[in-house]
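Heads up, the chain below is alone and in the form predicted alone; it's given as structure tokens.
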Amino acid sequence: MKIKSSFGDRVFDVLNITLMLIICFVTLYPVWYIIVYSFNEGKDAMLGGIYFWPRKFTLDNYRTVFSNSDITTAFMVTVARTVLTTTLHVFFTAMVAYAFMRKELMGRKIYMAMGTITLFFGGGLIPYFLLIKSLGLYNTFWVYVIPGMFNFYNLIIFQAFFRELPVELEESAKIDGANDFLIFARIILPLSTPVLATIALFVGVYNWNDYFMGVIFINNPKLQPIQTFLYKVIAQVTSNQMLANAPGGIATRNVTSQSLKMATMVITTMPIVCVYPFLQKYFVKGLLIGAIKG
């Protein structure tokens, strides 16, 4: 039997849908505007009046951006950084989290207390910079990887998931002669796909979007990530150089520094935007890990 909705319910539905549509528009339109602007002739776009579709469609903005070899190098650095750091972070943090759960680990409570303190207090940028430099990581690719191999907050998320796994699985494996590392590699990790994917998403998105490490710890253009390249384009440090080096006189005809910024934004953002929907279900599940004890 269909229940007839009241006038108040219908008014609420209309207002709710209207509000959601406004929020969606406000959220998505700036992204769409950047895409539209990047496919329009730069000098024509400066006249204004471009809102929903390119008025003079062109690919010159993208040709100019890709003609700069630095963006290809930056893209490769970012891909290598994201894949390597994410893989090492997930494995290393999960391994430490599993070890911290072992009651026979000496000083376990002390280690947990020390790690918890780091969630609330930090040494600051200058001591961190001096530490990175003293370790020989400054201006090297490994400055992206080694400091990002461990995060205590992610360790807590791993532990919350591991606690939900049946203890009988470990006991059975020990009876069969398996050691702790074999149990971790053959039993714990295969059963932890949701939390592994969640942490991989967190770390991967962070490493792809991070520009700060490249600004502070890298001065070699060959080692800068794609987001640092974008930062310099937006700051017009690189965009003017790309205009000067544009092939075939494109810069003098159709391209402006503003259109180059828009095209660079699209190039640097689209890869992670395309990957994110496939991992979103793990992101939602990861937010609930440990919230409800089964």
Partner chain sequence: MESAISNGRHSGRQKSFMKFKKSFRKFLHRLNEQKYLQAMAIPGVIWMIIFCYIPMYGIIIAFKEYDITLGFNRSPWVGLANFQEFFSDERFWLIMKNTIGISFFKLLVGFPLPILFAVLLNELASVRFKRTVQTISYLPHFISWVVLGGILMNWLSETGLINIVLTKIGILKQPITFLAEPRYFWGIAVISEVWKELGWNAIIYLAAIAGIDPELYEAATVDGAGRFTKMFRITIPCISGTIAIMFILAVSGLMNSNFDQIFVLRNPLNADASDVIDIYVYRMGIEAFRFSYATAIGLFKSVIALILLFVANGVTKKLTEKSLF
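Just so we're clear, the structure is a prediction, and the values are computed from it rather than from any experiment. Numbering follows the first chain given and starts at 1.
Omitted here: the form predicted in complex with the partner chain. The next part is about that form.
- Segments offered: 68-76, 189-197, 121-129, 159-167. Contacting the partner chain in the predicted bound form at heavy atom distances within 4.5 Å is 121-129.
- Listed residues L84, A173, M149, I218 were compared with the partner chain in the predicted bound form; M149 is the one with a heavy atom within 4.5 Å.
- In the predicted bound form, the partner chain sits beyond 4.5 Å of every heavy atom of V36.
- At the 4.5 Å threshold, heavy atoms of N179 reach the partner chain in the predicted bound form.
- In the predicted bound form, the partner chain lies within 4.5 Å of some heavy atom of L201.
- In the predicted bound form, the partner chain stays beyond 4.5 Å of every heavy atom belonging to F141.
- Counting a residue when any of its non-hydrogen atoms is within 4.5 Å of the partner chain in the predicted bound form, the hits in 72-110 run F92, M95, V96, Y98, A99, F100, R102, E104, L105, M106.
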